[in-house]
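The data below hold one chain only, encoded as structure tokens and taken in the form predicted alone.
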Amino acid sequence: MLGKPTSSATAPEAILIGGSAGAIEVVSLVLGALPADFRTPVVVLVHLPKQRPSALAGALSGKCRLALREPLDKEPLAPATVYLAPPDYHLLIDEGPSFALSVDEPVNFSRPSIDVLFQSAASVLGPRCAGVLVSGANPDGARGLCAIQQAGGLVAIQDPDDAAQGAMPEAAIALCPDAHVLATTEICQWVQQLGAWQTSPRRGST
């Protein structure tokens, strides 16, 4: 069963997806399933070699109906856009909400670090963000996902048995046992639900 937002939850203003080894296939399926009218900004951070241009953009090109781009420093988040974390920079969510880029030291041997992105989003957006952690071979992202959950945001983790590399999901489950644990197809549906929830009329609205 997919976890559905509770009546007390807040529709997300951004959906963050993090992963490492084995994540590109999952991200491709999630983004490919999004309709052209999906409005909620999606921010994707996958550990990749320090190269330019990012191999991720090429892998996703033609599979996503939404605008696809690497964000600039201080660029505001825009609807109907998928943002890809650029190589060799930490990507953060800042007030606005907008993006910030940092060349601070790697975290969990990674720059960009999923923990840095998720923790900044939790600090700025609180319950108005959702986080998804998928396949990966290290624990980066687990603490950040818990920060989102503790701030009141919605979180999901790829089922380790469904992941190409289970270490990252397993680390997140150990720290966030109440998170939704979903197979890839369920993650696709869950993200779509979040976008539909944001655009549907609120109860009691006129």
Partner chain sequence: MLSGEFDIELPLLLEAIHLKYSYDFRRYALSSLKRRLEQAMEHFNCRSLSALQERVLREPEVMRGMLAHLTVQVSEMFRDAGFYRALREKVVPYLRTYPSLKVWIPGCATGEEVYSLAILLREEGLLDRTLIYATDINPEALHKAEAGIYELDRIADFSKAYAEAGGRASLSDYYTAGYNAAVFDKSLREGVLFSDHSLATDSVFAEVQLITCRNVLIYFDRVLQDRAVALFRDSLCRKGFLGLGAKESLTFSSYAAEFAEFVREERIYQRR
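Positions refer to the first chain, counted from 1. Source: prediction; values computed, not measured.
There is another form of this protein, the form predicted together with its partner chain, and it is not shown here; the text below is about that form.
Proximity of residue 119 to its partner chain in the predicted complex: non-hydrogen atoms within 4.5 Å are present.
Within this chain, residue 82 is remote from the site of its partner chain in the predicted complex, having no heavy atom within 4.5 Å. Its partner chain in the predicted complex comes within 4.5 Å of no heavy atom belonging to residue 128.
Contact check for residue 76: a non-hydrogen atom falls within 4.5 Å of its partner chain in the predicted complex.
Picking from 25-33, 153-161, 170-178, 66-74 the stretch near its partner chain in the predicted complex, with a 4.5 Å limit on heavy atoms, gives 66-74.
Annotation for 73-95: interface residues with its partner chain in the predicted complex are 73, 74, 75, 76, 86, 88, 89, 92, 93, 94, 95 [heavy atom within 4.5 Å].
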